[in-house]
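Read the single chain below, which is given as structure tokens and is the form predicted alone.
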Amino acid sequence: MDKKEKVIPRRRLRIFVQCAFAALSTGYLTGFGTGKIYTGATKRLCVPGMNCYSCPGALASCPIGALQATIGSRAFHVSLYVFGFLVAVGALLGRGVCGFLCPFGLVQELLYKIPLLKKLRLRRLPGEKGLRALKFVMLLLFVLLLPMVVTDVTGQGDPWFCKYICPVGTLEAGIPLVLFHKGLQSAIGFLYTWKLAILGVILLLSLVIWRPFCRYLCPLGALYGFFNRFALYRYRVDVAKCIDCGACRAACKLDLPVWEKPNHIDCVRCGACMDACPTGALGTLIRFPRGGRVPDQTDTENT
């Protein structure tokens, strides 16, 4: 099998996994038919990617929503399950979750494939470096600090990110629920219009920028990104094969220096760099406990 034949099955496998997981995450079809939110036993569990709890089709909870609900609760501020879940998934896959298991990531990728407008390379955008830091602001300020610090008279905090920013909730929950319930239609106010505008901007940007929400705003991606360097599933560069041609960066839609930092904090493990490498220097590396790893492979360290 030549290189081209290997590339196509890999791309097809990723899109298949993305579609399958999106269907599984929002598979409560009765909810979409009736406009009612599923409240069964699986709602106590989290899925790895962004997936709004209030989506009529959601069978499980969003980890960011669950984290905020815990932090902002007047009864308790720490959930060992939520924190343990995030650490376990991050330690296993890092931002591979973003590339394979996030339905909203799939939506952005599909919009990017529409050949209407010229696609933008990220490093050419003014202020792009600063924009990348916004996702960490979302995580620290809107997900962690504000729900904990800003509370009402009963000691309850708002889920700031979910309530005021999250475009995933608007797409999966806000729009379907408003369409189904006339009472909600009459109650639409500034907040709904604001969140609809955020969603609209992100979807429009997705036509010309690959995954703008993942790149700039997603707090879950920011959290998982910290694990990229340490996750059991990692990328590696075989320095004996690498010829410093730059083909991996040219293929990377996030414009990352893959040969220098194969486990960059922004990498979502889409595999485009591996497909483009002419020498096969890029691949995957499984790190096992106690420092073990797949033999006969070398990988560059991230600094």
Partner chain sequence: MKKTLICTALLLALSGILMSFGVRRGEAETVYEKSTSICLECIGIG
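Residue numbers count along the first chain shown, from 1. All values reported here derive from a predicted model rather than from experimental measurement.
Although not depicted, the form predicted in complex with its partner chain is the subject of the following passage.
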query	finding
Partner-proximal stretch of 223 to 231, 197 to 205, 106 to 114, 143 to 151 relative to its partner chain in the model of the complex, 4.5 angstroms, heavy atom	223 to 231
F85: touches its partner chain in the model of the complex, heavy atom cutoff 4.5 angstroms	yes
T30 within 4.5 Å of its partner chain in the model of the complex, heavy atoms	no
Its partner chain contact at C162 in the model of the complex, heavy atom, 4.5 Å	yes
Y192: touches its partner chain in the model of the complex, heavy atom cutoff 4.5 angstroms	yes
Within 4.5 Å of its partner chain in the model of the complex, all of Y38, G169 and A173 (non-hydrogen atom)	yes
The single option of A91, L179, A133, L125 touching its partner chain in the model of the complex, heavy atom within 4.5 Å	A91
One residue of V268, V237, C52, C273 in contact with its partner chain, assessed in the model of the complex (non-hydrogen atom, 4.5 angstroms)	C52
